[in-house]
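First, one chain by itself in structure tokens, the form predicted on its own.
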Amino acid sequence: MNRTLIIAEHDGTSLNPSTSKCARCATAIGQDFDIVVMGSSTNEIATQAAAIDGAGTVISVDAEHLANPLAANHASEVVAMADGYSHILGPSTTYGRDLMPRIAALLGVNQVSDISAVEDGYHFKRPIYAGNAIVDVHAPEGSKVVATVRVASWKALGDGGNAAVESKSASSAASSHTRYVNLESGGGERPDLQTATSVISGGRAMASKENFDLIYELADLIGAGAGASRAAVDAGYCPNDMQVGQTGKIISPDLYIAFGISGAIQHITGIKDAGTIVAVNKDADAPIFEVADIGLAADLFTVIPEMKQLLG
């Protein structure tokens, strides 16, 4: 059956935009698609998914043991409905990277990772070597394709759909060998880095954990997500879930502002799909200025207070 199943990501309250980006990838493959929403009390989330342009059916699987994003529980639900689909897509977020390999293993197929472009239903492109090369990936013709979608490479579909919502009982009980403990985030209530339209990041030049409050304050002032370079994370200035880059999060905000970040290739890999990149660094020769749309060679400890004053 040439149809795609998209696995919805959500936080229990709202649908993650990565779902709509996966839907865009499905349309590029040239197939109709359905969306599966797994969780507990997911009626509102299913309604949000039904509004995605082109969605056929939204399958709502509601059970207490699916409330938390535990791959051991979610994978079995997807596998139970996999026979009706030739392609199964999930986002290349933390959730998708945890879930999709397990689905692929249960189905006995190889996973395709980080689809950034589609040539046809079994021919894809993805970046490698920190984005310095693009590789062609060919899945066996006629095989079931299980893949993650590089969300930074795709625009979200619109919200003009009106798909039917179909409720389905869970096909299996909770996993006996894995349990959910809790979820902790160091970014506070700010927008998630992978979905924020604006992100403000700090680097090693912030010099201390206390100074990183300047990044948080400026981000809060404009409703932006707060990020960091690996150097800042390794130095203990901020939590590792704020790390942007090849070994952190790949993001594509409309606006990315980097303070005191030199621009190592690993960091550039994480922001190259951003709409507008603004860099502030007192070293006029910093590599980040080579990719920045707007660059300012200045002391961040002078610039940030001035920006706060102007924006306030």
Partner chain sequence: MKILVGIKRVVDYNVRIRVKSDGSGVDTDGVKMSINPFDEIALEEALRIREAGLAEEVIVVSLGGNECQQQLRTGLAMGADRAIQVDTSENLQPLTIARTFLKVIEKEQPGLVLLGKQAIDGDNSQTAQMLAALWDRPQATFASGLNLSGDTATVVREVDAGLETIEVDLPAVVSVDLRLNEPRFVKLPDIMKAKRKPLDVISLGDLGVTSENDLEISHYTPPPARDKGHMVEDTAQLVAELKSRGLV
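Positions refer to the first chain, counted from 1. Only the largest set of C-alpha atoms that superpose within 1.5 Å between the two forms is called the rigid core. Treat the numbers as computed from the prediction; the structure is a model and nothing was measured.
Form predicted in complex with the partner chain: not shown, discussed below.
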Contacting member of M81, A174, I222, V165, with respect to the partner chain in the predicted complex [4.5 Å, heavy atom]: I222
Residue contact check: L15 to the partner chain in the predicted complex, 4.5 Å heavy atom: no
Though only this chain appears here, would H138 touch the partner chain in the predicted complex if you measure heavy atom gaps against 4.5 Å? yes
Residue contact check: V37 to the partner chain in the predicted complex, 4.5 Å heavy atom: no
Any of the heavy atoms of G108 lying within 4.5 Å of the partner chain in the predicted complex? yes
The partner chain in the predicted complex reached by all of E184, Q243 and M307, non-hydrogen atom within 4.5 Å: yes
Residue stretch of 205 to 213, 166 to 174, 67 to 75, 82 to 90 approaching the partner chain in the predicted complex, non-hydrogen atom distance within 4.5 Å: 67 to 75
Could you list the residues in 204 to 238 that come within 4.5 Å of the partner chain in the predicted complex, counting only heavy atoms and keeping sequence order? I222, R230, V233, D234
Given a core-based superposition, decide whether the C-alpha of G12 shifts by 2 Å or more between the shown form and the other one. no
